[in-house]
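Starting off, we have a lone chain in the form predicted on its own, written out as C-alpha cells.
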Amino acid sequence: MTRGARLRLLLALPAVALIFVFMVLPITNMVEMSFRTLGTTAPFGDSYTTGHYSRILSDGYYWQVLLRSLVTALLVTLLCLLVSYPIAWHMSKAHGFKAVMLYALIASPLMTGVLVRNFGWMIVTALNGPLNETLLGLGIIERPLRLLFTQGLVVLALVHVFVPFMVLPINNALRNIPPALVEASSSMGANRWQAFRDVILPLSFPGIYPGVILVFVLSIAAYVTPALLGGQMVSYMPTLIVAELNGTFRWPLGSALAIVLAVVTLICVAAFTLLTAKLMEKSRA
C-alpha cells in the first residue's frame, strides 16, 4: 500500500467509525430488538419471535396508519414541489441584495425552533384564534372552523418547514443550466412553454430528485409536528412508534413498527429512483 493510499485510509477512518457507531449499531440493535418477545417486568424478554411482524401485517389498524403516513408524505412532497419550483426559478434569476433577501426568507422557517413554530400554528388555528376571528369578522364563515388536530393542518405545517429543502437544490440546478441552451431552443421556434418543458424542466431534474427524496423521507419520519398538530385525532407511524417505545414500553413492537416504516420508505425511494432513471440520464446527456 502506498503512502497516499494509507493517508486516504486514515482520513476515512473517522467517518467510517461515526457511521458504524451512530448508524450501523443502532439499526442492528433495533432489528434484533424487533424479534424479542414482550417482557413482563422489563421492556423486552429473553426469547425471540416473529409475532410482532405478523401482528403488524395482519392488523388493519397498522395498515391504516401506515397508509395515512404515506399519503401525508406524498402530499407534502407534491405541494413542496409545486410551491418551491417557482420560488427557485425567481431565486436563480436574482442577484445581489434581492438574492440575499430571498435566501433569508426561504431559510426563515428553519431559524425557529420546532416547538415554537408548532405552538404558533396552534395559536393561529385555534377556534378563537386570529384566523377564525378574521374569517368571522369578514363574514366568510358563520362559525369557527375546526382546523387544529386535522390532517390538513399537519400537511400545511410540514410544507411550511420543508419548502427550503426543496427550493435550494432546485435553485442550484436551475443556476447550472447554460442560458445558451434556452436561447437556442427559442431561436429554433420553441415558445416559452416548450422551452420550459423540453429544456429547463429536464435539466433541473438533478435538483428535483434530491429535493423530492429529502422532503419525502423527512415528512414520513416527522414526529413533533404530527404529534402536536394532529394530536390524538390523527395517528401517524412515528407517533405510534414513540407511543410504543416510551408510552407502553413495548420496545419489541415499537422496533418492529420502525423497521416496517423504514422498509416501506426504502421501497418508495427505490421505486421513485427506478421510475425516474431515464429522466436522470436525459438530464446528464
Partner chain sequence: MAAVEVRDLRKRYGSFLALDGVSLTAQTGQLVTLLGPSGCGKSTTLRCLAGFLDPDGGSISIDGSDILGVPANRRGFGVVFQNYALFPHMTVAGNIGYGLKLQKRPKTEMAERIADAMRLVRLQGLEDRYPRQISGGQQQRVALARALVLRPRLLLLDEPLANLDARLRDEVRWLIRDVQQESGITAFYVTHDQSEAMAMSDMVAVMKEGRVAQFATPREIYQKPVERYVADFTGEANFLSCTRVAPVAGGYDIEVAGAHLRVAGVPGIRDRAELLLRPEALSIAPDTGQALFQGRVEKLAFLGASQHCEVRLPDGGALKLAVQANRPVGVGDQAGIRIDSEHAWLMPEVRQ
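Residue numbers count along the first chain shown, from 1. Remember, it's a predicted structure, so these values are computed and weren't measured experimentally.
Not pictured, yet referred to below: the form predicted together with its partner chain.
Heavy atoms within 4.5 Å of its partner chain in the predicted bound form map, among the stretches 141 to 149, 200 to 208, 82 to 90, 159 to 167, onto 200 to 208 alone. Although the partner is absent from this view, residue 110 stays clear of its partner chain in the predicted bound form, with no non-hydrogen atom inside 4.5 angstroms. Using a 4.5 angstroms limit between non-hydrogen atoms, residue 188 touches its partner chain in the predicted bound form.
Contact check for residue 183: a heavy atom falls within 4.5 Å of its partner chain in the predicted bound form. Taking the partner from the other structure, its partner chain in the predicted bound form has no heavy atom within 4.5 Å of any heavy atom of residue 6.
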